[in-house]
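Only one chain is shown below, in structure tokens, and it's the form predicted on its own.
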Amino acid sequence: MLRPLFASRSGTISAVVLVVVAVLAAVGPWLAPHDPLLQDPRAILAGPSAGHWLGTDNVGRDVLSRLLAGSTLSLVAALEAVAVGLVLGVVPALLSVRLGRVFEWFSLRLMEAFVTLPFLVFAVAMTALLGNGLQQAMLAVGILISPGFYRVTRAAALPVATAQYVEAAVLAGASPWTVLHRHVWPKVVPAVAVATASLLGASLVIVSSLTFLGIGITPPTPTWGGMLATDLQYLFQRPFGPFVPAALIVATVWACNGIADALRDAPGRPAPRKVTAHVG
């Protein structure tokens, strides 16, 4: 699965960018030169300097420290949403292929219902019901992106499930788990990998949008979307302020899409369609 990433220049660059972002998310809070929550009234909306490389925000907090600390929360939240969507989409898709038409009908109707849900209203409803936390919001995002995983997995699994060698294995007495593990899953993994990379970028955009609106976080918790919203309020005083958080979001989403393209275009493999999240 890793070889296609380095078969093209764009795939290699995307992998490098994503590794850098992952390192920032892993060790960012420890690399922060200042406390991301520490306010300095003497340095409000200050420009870049030796003490504050990216300046300070509207209450004197170090922007670089908040970006590094916010990297962890932003990326982990996107991963949580993808994990929820992966479980809710892939597992029912595989079961619908193996358990017959009744389960297939119910799973299809459920995924169609998820597609029709208005994104923002559903996210707000979930946070109102379960509390205004990022985990609650990511549960809502994971539910809304699960149809993407479901469609891709089911489309990849159906031809394999009806193949002659799979039918021969069933007639020979192979258990459903053996058929799934040895014959179906290896054919499904490439399509699921493409969907995961693509939907990870979409989830990051959704996470940034929610935190931009103040959904899922409690101030002054630093996130890329929250910092972007704050910087836009003081665009006249700090016109360069929104650039860095926006650039981080764009670079990470571009890297995820680049990895999805590299996996999809890998030689010798079928080309699964890249999916996008439904935002209603």
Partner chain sequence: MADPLLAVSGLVVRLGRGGERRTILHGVDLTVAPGESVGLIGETGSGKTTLARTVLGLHRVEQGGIDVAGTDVTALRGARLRAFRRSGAVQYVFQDPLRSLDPDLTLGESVGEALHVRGTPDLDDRVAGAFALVGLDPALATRLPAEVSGGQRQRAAIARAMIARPRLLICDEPVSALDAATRVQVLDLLASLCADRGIGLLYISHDLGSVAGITDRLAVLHHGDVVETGTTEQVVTAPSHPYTRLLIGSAPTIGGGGMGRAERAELRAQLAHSPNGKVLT
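Positions refer to the first chain, counted from 1. Computed from a predicted structure; not experimentally measured.
What comes next is about the form predicted together with the partner chain, which does not appear here.
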Note: the partner chain not shown here; in the predicted complex, the stretch from 86-94, 197-205, 144-152, 158-166 having heavy atoms within 4.5 Å of it is 158-166
Indicate whether the partner chain has at least one heavy atom within 4.5 Å of a heavy atom of Thr116 in the predicted complex.
no
Any of the heavy atoms of Val170 lying within 4.5 Å of the partner chain in the predicted complex?
yes
Would you classify Ala174 as touching the partner chain in the predicted complex, given a 4.5 Å non-hydrogen atom cut-off?
yes
Would you classify Arg101 as touching the partner chain in the predicted complex, given a 4.5 Å non-hydrogen atom cut-off?
yes
Tell me whether His52, Asn58 and Arg61, taken together, all sit within 4.5 Å of the partner chain in the predicted complex, counting heavy atoms only.
no
Taking the partner chain as it sits in the predicted complex, which residues of 187-210 have a non-hydrogen atom within 4.5 Å of it? Please list them.
Lys187
